[in-house]
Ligand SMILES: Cc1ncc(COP(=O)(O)O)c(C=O)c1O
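Take a look at this single chain, the form predicted alone, given in structure tokens.
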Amino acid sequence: MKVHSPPNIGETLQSVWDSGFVTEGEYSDRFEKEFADYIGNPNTVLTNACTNSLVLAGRLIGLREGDEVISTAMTCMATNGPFHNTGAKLVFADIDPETGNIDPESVKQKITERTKAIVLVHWGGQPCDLDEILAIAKEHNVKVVEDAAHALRSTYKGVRIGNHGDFVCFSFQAVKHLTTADGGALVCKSEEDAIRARKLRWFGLDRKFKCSSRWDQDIPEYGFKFHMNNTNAVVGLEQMKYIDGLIDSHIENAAFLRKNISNPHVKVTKSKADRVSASWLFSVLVEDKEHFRNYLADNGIASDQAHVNNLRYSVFKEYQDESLTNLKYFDKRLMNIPCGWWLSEGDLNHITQVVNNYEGL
């Protein structure tokens, strides 16, 4: 993974610092509006991290001890930690072994009267089976939270991610498609939730409050310090000038690899026709990933698993579930190979040739 650096970022950052207004303000307001327009949902709330967007989603849902949250363990630790910290019980569903995404049939089996939310992750940018998940949620009157850290500009049946679930959380962490160094956004289905989230991200205060001092207002609900500042936001505004080109490159590079990789020892994860992946990752499954990683490294190609089965972590030991066989299969074999914006045509040809020549063990 590489960090995209806009050519004029130094001058732009200097101008913010020279202004003296480096915290939340003009630039964060502009970036929030521009990002909302980009994904097509005005109920967008900038935050200082995708993780904290998930924390806000948990608060808005009203999670508490005794509640249950169905989630996937095939993700970054940051997806599940915020819900674990509410005191709610995590219930892990199995995944589709061909995509890495949560399996709707497993969700159906895990749901109970105590379930308050379903959390899903669009693995690598490939959208989950949203129609099925949303139907389950509607039937049982539970909320859907999408971790869309990998899925900026991914589409499901022609609609951009950010317009389906009750809460959608985006990441602007260092190596994401759009980076502000660190940062995130919470996108809400309802305007009411977005208004509340904007207050919660800044101690519970309404920063638009019209009075001699914003501190004169009442705080009926204490919040957090989760706002994005002008410094990060101006980076985001500069990155937005290039974002379509960056994502186009990821999608085109992934399409090239998908078309040209042909090796019985390397299984490419499945792409479904009714959705478009932003292709933050290009995932493959191999029988001995350490052998495969070393083989790629010997040929000058970086590779990584990116994220691991969260049930490896002792903090989640109470949630161990031997029935999650697809999760174990996927986690044991998962590797990701480069598909990013920085690759040249020669790089792609080299990667394809090396992968196709892999002989396994």
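From a predicted model like this one, the values you see are computed outputs, not experimental measurements. Start at 1 with the first residue shown and count on from there.
Below, we turn to the form predicted together with the named molecule, even though it does not appear here.
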Residue-level question: is C188 within 4.5 Å of the named molecule in the predicted complex, judged on heavy atoms? no
Taking heavy atoms only, is T51 within 4.5 angstroms of the named molecule in the predicted complex? yes
Contact of V121 with the named molecule in the predicted complex (heavy atom, 4.5 Å): yes
Given that the partner is absent here, does A78 sit within 4.5 Å of the named molecule in the predicted complex, heavy atoms only? yes
Stretch in contact in the predicted complex with the named molecule, which is absent here, among 144 to 152, 267 to 275, 201 to 209, 87 to 95 (heavy atoms within 4.5 Å): 144 to 152
Would you check whether the named molecule, in the predicted complex, lies within 4.5 angstroms of a non-hydrogen atom from each of S171, G183 and H307? yes
Consider the chain as shown here, without its partner, and state which of K176, H227, H164, K110 has a heavy atom within 4.5 Å of the named molecule in the predicted complex. K176
